Ligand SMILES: NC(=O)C1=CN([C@@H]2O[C@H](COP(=O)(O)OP(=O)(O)OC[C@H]3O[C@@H](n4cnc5c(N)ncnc54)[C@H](O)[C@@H]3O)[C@@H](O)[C@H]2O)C=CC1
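First, one chain by itself in C-alpha cells, the form predicted on its own.
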Amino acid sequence: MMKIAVIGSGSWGTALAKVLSENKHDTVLWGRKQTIIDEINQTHTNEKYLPNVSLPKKIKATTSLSEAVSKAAMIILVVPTNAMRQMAQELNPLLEDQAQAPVIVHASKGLEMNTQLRISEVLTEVLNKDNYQDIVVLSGPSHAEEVARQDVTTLTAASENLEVAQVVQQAFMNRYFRVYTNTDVIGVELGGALKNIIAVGAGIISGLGYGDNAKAALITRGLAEISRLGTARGADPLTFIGLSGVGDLIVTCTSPHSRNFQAGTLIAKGYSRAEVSEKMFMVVEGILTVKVAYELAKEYGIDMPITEMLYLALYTDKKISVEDAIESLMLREGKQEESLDK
C-alpha cells in the first residue's frame, strides 16, 4: 500500500480516489474549492459532482497542493486539459525535495489548445525529469458515476515504461475495476481525446431525433477519422480497436452520462458554443478538441469530414447549421470502404 495523491476533486478525480481508498491506499484528494473539500472531509460526499455517493471516510481532502503530494508514491492528475500546464508548473517545485520520485499518472482526455500537444507531452515539457519516475496515461470507457457505484469497468494504463504501467495497474485493480497495460502512449491519448469530438456529434444526432442507424454510422466513420489522424501521429492502429479507442468511443457516444454527448444535445437545440460552455458547469473537452483536431487534419492533409463539419458549425462565421452539416456529409462523393486513407 502507498500514499497516492489525486489532483482534481471533480467527478472523475473523486471516483478514482474512491477506488484507491477502497484498495487500502493512503489516498489524498486535492481540490481548489474549500466548500467541496470541507464536504468530502465532513460528510464524505461530493454532491455537486457525484450525487448520492458515499465516499470512504479514509479519504483525506485538502486545498494544500504541497500537503497532497508530500511523500506520495503516485500522483494522479485529473484536471482539465488546458489547466494541465499550470498544474505541472505548480507541482514542479513541490517535487524537488521528495525522498522518492513519484509516478505521474494523468487521467484527462484532450489536446492542448494552441500547442496541439498531447497531455503527456505537456507534462514532459514542463516537469523536471529528475522529479518523477515516469508518466502513465490512464484511459478507457468509464463514467465516473458508474465507477463510484462499483459497476464493472476496464481501463488501460499506458506508458513507454511497461514496468511503471504495471505499478499503476496493480494500484487500481480490484473486483470491479480492471486495468490492462499498453505501451502505445500516442494511441491511447489520441483515442481518448478524439472520441470526445464524435461524442458531441452523437449528442447532436440524438438531439435532432435520428435513430440507431445514424448513430452507428457516426461511430463507425468517427473511428475511421480517429484512426487516420492517430496513425499519422505515430500511433499503432490496433490501439484504436481497444479500450481507449472503440471501447471509449462506444460508451461516450451512447450514454447520457457523457458531458460531450450532453453538449451535443444542447447544440442540436440551437445553443451556441459559448452558451453550451456556460450552461454546463464542467469543461466540455470535445468542443475544445474539435478545433485542435481540425487544425491537425489540415496540417497532415487528412480527411476528417465529421470533425470539419463540427468545426464549421462551432468555430466559423459561416453559420452552417447542424442539419446542413449532416446533409453535407451524406451528399459527399461516394467512396469505397477499405483502408484508413479513405
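As the structure is a prediction and not an experimental result, all values here were calculated from the model. For every residue, the number given is its place in the sequence shown, counted from 1.
Although not depicted, the form predicted together with the ligand is the subject of the following passage.
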Triplet G13, V79 and K109 all within 4.5 Å of the ligand in the predicted bound form via a heavy atom: yes
Of I186, M87, V168, L218, which one comes within 4.5 Å of the ligand in the predicted bound form, counting heavy atoms only? M87
With the ligand left out of view, which of K298, R32, K57, K279 would have a heavy atom within 4.5 Å of it in the predicted bound form? R32
Region of this chain that lies against the ligand in the predicted bound form, out of 282 to 290, 304 to 312, 269 to 277, 64 to 72 [heavy atom, 4.5 Å]: 282 to 290
In the predicted bound form, is there a heavy atom of the ligand that lies within 4.5 Å of any heavy atom of N182, even though the partner is absent here? no
Using the partner position in the predicted bound form, report whether R228 sits within 4.5 Å of the ligand, counting heavy atoms only. no
Answer with yes or no whether A214 is in contact with the ligand in the predicted bound form, where contact means some heavy atom within 4.5 Å. no
Taking heavy atoms and a 4.5 Å cut-off, does Y294 contact the ligand in the predicted bound form? no
Could you list the residues in 123 to 143 that come within 4.5 Å of the ligand in the predicted bound form, counting only heavy atoms and keeping sequence order? S142, H143
